[in-house]
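Just the one chain here, the form predicted alone, laid out as structure tokens.
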């Protein structure tokens, strides 16, 4: 977030007033404010071209959106795995939950080693929001997969994988030097490819 153009409070009373307003905010107002923030940032995943105009919005990270989409994906796949004999719901839930956070850490570490200026929470925020298309794919396969042949199920898997990767690659590539972009985006492709494939075969 750019603070260079913001004027600091002239006295401590202004700071106290701001804190009082935050504390007096009702729970419903706080929830609605957070939901609006999630919906606003999700727009940059649904319409990746919007990032070209205001990509800085994704730099103002939050963890509510990524947490929600992570939990939805984990619960959807664990629900789907209920009828399998080799996987239990708790195992699938734990794998997806840990994979997303560890995967975000690895992608962030790779970008930083390549000279990128990105924090762990920025990367988690971006990768978490871009999991949304894979959530759609997982829900489709969970409810309709038993009625569809394997080759037909590959269509939403491929489309949602491409959607997630395209939404995140542009932002990640902008964080590293131009000659290292391919090295930066390669782990991102692997991250979403594994999630997409796992949601198909679980």
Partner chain sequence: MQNFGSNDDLDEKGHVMTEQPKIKVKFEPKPKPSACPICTVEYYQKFFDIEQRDVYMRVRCSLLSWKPEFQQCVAKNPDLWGPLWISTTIIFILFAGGNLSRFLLEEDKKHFQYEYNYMYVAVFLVYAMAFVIPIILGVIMKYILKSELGVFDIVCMYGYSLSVYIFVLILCIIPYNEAQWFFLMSGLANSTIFLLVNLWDFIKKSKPALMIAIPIIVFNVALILCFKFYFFRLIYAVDD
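Residue numbers count along the first chain shown, from 1. None of these values were measured; they are calculated from a predicted model.
What comes next is about the form predicted in complex with the partner chain, which is not displayed.
Undergrad: Though only this chain appears here, would residue 100 touch the partner chain in the predicted complex if you measure heavy atom gaps against 4.5 Å?
TA: Heavy-atom contact with the partner chain at 4.5 Å: absent for residue 100.
Undergrad: With the cut-off set at 4.5 Å between non-hydrogen atoms, does residue 92 touch the partner chain in the predicted complex?
TA: Taking the distances in the predicted complex, the answer for residue 92 is yes, it comes within 4.5 Å of the partner chain.
Undergrad: So which bits of 165-202 sit within 4.5 Å of the partner chain in the predicted complex, heavy atoms only?
TA: Stretch hits, in order: 178, 179, 180, 181, 182, 183, 186, 187, 190, 193, 194, 197, 198, 201, 202.
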